[in-house]
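A single chain, nothing else alongside it, follows as structure tokens in the form predicted on its own.
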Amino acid sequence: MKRVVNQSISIRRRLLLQLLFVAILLSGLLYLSVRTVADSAVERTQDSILGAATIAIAEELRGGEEGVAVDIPYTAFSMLGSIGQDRVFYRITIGDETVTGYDELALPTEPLNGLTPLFYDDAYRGLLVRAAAVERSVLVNGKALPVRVIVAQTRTSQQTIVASLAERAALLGIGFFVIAVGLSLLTARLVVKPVSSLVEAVGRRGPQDLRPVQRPVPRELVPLVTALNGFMSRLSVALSRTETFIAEAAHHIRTPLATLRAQAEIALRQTENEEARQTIRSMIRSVDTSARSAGQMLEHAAVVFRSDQRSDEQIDLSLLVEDITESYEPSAEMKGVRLVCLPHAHDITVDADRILLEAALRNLIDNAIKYTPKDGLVEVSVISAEGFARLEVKDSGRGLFGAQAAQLTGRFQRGANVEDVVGSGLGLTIVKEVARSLNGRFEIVEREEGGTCAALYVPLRSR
């Protein structure tokens, strides 16, 4: 049965999301930084050219007796045209009177400082323009008059350049983000790799391997490994105590019951009172039932414990079946049942826990003998079939009486036709547990000629 683990978002995903968030943030900051710097650089460049053109015009102003002579140099407009095809407007004023240029071009609102350009933005004829203004004094009729020169230029070229640089900045940001994604994936993988390696190392261990983890781990995982080693140490001690308790419990339960049965049999032989003899026989039967139930409960507990603590070895099933069958021959003879171990091929080997296999085979043979009437026959065999070793026990007893295998293999479940036979309802449960532990399966069916056929399948040893 799968254990349900309360889990949250994985460390790898959490780390990846955090790194991607940082990458997105840095990409955005990179784009904004590049665009801001580009916008500022283009604006400073245009302002420098615009200011130089304005100063060039102002320096060509000449005063005289008749007024101010204006000679706009060609170089001024050629400089403005060097950075793009923008429209240029200019205005030259003496006081509030326009000498030449566009009357509607707005004058600066701040005071001018000689030939140091003052830059400002304005809207002219529905166009956004960048204007530069300077002021100088010109002698007219021996009188110094302040002359202002304003030159304005549309910002189409600047916007085009900024848009181009912004596009490149966006591509640079996207490229940075793509690289950051790759680095984030690599970083998340490298960070989680020690944890995955530790999980893989622990996962490869068998249920019985409770040795401390000696694998080198990063400093951050040392507390986890220390706690894990401490837990496995405590678990090893607890399992050892459990195994010892099961063995001691079996001894302390079976011995008093055996003693009680022996004393009851002595009392049965010594008494002549028929009523007392019937009572003693009932007591002996109850003792047998209790002894068998206790024994099988302890054996079931031992099998469940052993399933998680398997100690697999190479086993020749032919020899194992012969030995266990031979050990049950006295019990079969006492009941008048003929127990036969059919001839079988040798070299049928499996990698399995010997104790678990012996427990399963003992219960199958014991059940067969118990439910087979006097002069009946029990046959034990082992064959190789489709990658499995098939341990088969056939009896000529009462059959399943319509019961299904799932019903008979449940704990404390017995057939409806065996109430007069001492049993605990754990024998087939033990066999089923062993089959599950050994990655095999257990089947029990009713034979057409009477009786049952119980078969335990165990995977053959891979060559």
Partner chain sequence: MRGALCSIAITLIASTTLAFDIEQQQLFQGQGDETLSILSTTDIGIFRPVIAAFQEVRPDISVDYVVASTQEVYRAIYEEGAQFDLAVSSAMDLQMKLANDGLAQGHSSAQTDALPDWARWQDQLFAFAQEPVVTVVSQAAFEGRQTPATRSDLIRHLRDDPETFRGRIGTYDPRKSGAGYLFATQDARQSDTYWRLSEVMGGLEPKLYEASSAMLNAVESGELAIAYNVLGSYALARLDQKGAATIIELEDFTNILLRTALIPANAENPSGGAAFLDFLLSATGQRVLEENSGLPRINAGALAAQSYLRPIRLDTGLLVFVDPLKKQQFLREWSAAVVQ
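Here the structure is a predicted model, which is why all the values come from computation and not from measurement. Numbering follows the first chain given and starts at 1.
This protein has a second form, the form predicted in complex with the partner chain, left out of what is shown; the following refers to that one.
Participant: Of 99 to 107, 178 to 186, 311 to 319, 384 to 392, which is the one stretch near the partner chain in the model of the complex, taking non-hydrogen atoms within 4.5 angstroms as near?
Facilitator: This holds for exactly one stretch, 99 to 107.
Participant: For residue 72, is any heavy atom within 4.5 Å of the partner chain in the model of the complex, or not?
Facilitator: Residue-level check for residue 72: yes, a contact with the partner chain.
Participant: Closest heavy atom of residue 80 to the partner chain in the model of the complex, within 4.5 Å or not?
Facilitator: Contact with the partner chain, yes.
Participant: Is residue 195 close enough to the partner chain in the model of the complex to count, meaning some heavy atom within 4.5 Å?
Facilitator: Looking in the model of the complex, residue contacts with the partner chain do not include residue 195, since no heavy atom lies within 4.5 Å.
Participant: Find out whether any non-hydrogen atom of residue 125 is located within 4.5 angstroms of the partner chain in the model of the complex, and reply yes or no.
Facilitator: The answer is yes: residue 125 has a heavy atom within 4.5 Å of the partner chain.
Participant: Just one of 240, 85, 141, 214 has a heavy atom within 4.5 angstroms of the partner chain in the model of the complex, so which one?
Facilitator: So the residue touching the partner chain in the model of the complex, by this definition, is 85.
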